[in-house]
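Let's start with one chain on its own, the form predicted on its own, as structure tokens.
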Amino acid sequence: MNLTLKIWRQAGPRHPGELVTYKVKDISEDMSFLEMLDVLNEELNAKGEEPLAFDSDCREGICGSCGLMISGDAHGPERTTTCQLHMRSFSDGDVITVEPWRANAFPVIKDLVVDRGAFDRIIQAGGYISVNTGSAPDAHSTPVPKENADRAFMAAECIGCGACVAACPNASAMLFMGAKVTHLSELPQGQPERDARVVSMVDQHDHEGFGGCTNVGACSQACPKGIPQDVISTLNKDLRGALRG
């Protein structure tokens, strides 16, 4: 498979960026998208050129660090992480545009690498939960209804990749934040700080420069873990309750 890549290159956060065209040849359809970029970097190194900077870590769809905009889609044409996107999703001769996440709250560090520290600060703003430490509690000492447990596990699947922000026309992080709030709101351990948590996280979200949610739905469509949009409803309900109380 031979491909034409138009890749965003930017030397640093204060440097202008531009799309640079590269050709890659004999790409196997069984390669992941990141493995294809590895091949490109090997060729650039061999030529003495600056290799492409992009984020990756686990390459198993778990860590969420590999986010890229691929021909206008967050993570590419499949609903998965970039590291789990395989080249069989493309065709020989395709022209593929590769860009970093586009959001004021995700400034570009270099090339395709963005600073997603804003997500960390939102989670930090949420603070801690109250739990008793010491010996392990009895298995049924704190019963959790199955419906609540299932929804908490669903929300906890969010890997913080930022695809929701990249896909949203408002660059809102409400799906990410809704998942984090819902995860704890469904469990007994998350109740003592519930009101303070949601207010602090929303304040930090707005301070970071993320946009507001207008229910476009692009966030949940782009989410590689399938986090549903109704976690935003939970977030809004918790926020209204906290502000009233």
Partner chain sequence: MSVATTTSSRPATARRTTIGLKILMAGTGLVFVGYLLLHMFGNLKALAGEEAFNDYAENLRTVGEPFLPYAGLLWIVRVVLLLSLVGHAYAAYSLWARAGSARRTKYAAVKTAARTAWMRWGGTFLLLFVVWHLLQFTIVKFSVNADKQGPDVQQNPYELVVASFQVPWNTLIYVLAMVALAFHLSHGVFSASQTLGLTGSAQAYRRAKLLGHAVAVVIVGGFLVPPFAILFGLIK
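The structure presented is a predicted model; accordingly, all values stated were derived computationally and were not measured. Positions refer to the first chain, counted from 1.
Omitted here: the form predicted together with the partner chain. The next part is about that form.
None of the heavy atoms of Arg79 is located within 4.5 Å of the partner chain in the predicted complex. Using a 4.5 Å cutoff between non-hydrogen atoms, Phe176 does not count as a contact of the partner chain in the predicted complex.
For Asp111, no non-hydrogen atom is located within 4.5 Å of the partner chain in the predicted complex, even though that partner is not displayed.
Among residues of the shown chain, Leu235 is one whose heavy atoms approach the partner chain to within 4.5 Å in the predicted complex. The candidate spot formed by Ile7, Lys47 and Gly93 is out of contact with the partner chain in the predicted complex: none of the three has a heavy atom within 4.5 Å. Looking at 16 to 42, the one residue that comes within 4.5 Å of the partner chain in the predicted complex, counting any heavy atom, is Leu19.
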